[in-house]
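Below sits a lone chain in structure tokens, taken as the form predicted on its own.
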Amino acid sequence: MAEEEFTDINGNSISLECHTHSSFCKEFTVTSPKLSLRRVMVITCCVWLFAYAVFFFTANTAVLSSAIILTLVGMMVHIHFVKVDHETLLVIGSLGVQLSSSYASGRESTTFIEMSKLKDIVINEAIYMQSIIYYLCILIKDPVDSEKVSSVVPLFQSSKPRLNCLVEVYRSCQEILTESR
């Protein structure tokens, strides 16, 4: 097990853990920083101060109740559907690739792609917010013509690691894919 520190495209610190289960099986986990309590408090205070200002001028208590409910529901939705704690890529040479995302609420999302459907794992580039970013993706074979690509599945969508982290994962994945073919 090796753990290294990297940064994401925004400069935030992320970590990459590599577990080698065998020569045909490796697991890569990218862990993002935990939810910032300071950020949550600032947003909550801003919403509640705005609601109190509106209440001060309108004397309507429904404004305060709405602000409290809105911030609580907003935090729950953010924790359950948006904030990803870590993303995992498990590559098993003869079987396939498993993608997992663990959210801050404890919810997990898992996808498995069979090796027979996998064409390749590549590093691709895209334009994002006036800059070029790199991302790791899986190319899925077209069921009709195996030489064509039917879809592209991006990896580590939430953590968005920089190129140096992606290259490390890419090289290890290519080792396993070339040995299994």
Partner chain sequence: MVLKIFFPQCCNTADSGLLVGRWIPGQNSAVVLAVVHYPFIPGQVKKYLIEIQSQTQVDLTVLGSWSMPKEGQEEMDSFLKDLSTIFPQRCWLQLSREIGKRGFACKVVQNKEKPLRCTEQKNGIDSSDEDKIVLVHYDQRKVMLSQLHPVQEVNQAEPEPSELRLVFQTVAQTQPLFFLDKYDDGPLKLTHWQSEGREGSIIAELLKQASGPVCTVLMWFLSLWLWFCSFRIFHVRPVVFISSKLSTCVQSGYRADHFKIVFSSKKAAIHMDFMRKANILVSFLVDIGLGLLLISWLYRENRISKLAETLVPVADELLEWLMGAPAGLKMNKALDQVLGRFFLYHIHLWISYIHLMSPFIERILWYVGLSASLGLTFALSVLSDIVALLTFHIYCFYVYGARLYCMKIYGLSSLWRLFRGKKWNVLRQRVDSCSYDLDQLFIGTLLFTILLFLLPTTALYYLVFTLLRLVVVLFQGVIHLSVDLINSFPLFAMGLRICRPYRLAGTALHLMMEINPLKCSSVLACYRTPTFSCYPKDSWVALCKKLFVGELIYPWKQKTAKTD
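Positions refer to the first chain, counted from 1. None of the values given here were measured: they were computed from a predicted structure.
What follows is about the form predicted together with the partner chain, which we do not show.
The putative spot formed by Cys18, Thr29 and Ser102 is not touched by the partner chain in the predicted complex; no residue has a non-hydrogen atom within 4.5 angstroms of it. Only one of the listed residues (Ser36, Ser131, Ser116, Asn60) places a non-hydrogen atom within 4.5 angstroms of the partner chain in the predicted complex, and that residue is Ser116. At least one heavy atom of Glu179 is located within 4.5 Å of the partner chain in the predicted complex.
When the partner chain is considered in the predicted complex, Phe112 lines it closely, a heavy atom lying within 4.5 Å. The partner chain is not drawn, but in the predicted complex it has no heavy atom within 4.5 Å of Val84. For the chain shown alone, Tyr170 is not a contact residue for the partner chain in the predicted complex, no non-hydrogen atom being within 4.5 angstroms. In the predicted complex, the residues of 16 to 37 lying within 4.5 Å of the partner chain by at least one heavy atom are, in order, Thr20, His21, Ser22, Ser23, Phe24.
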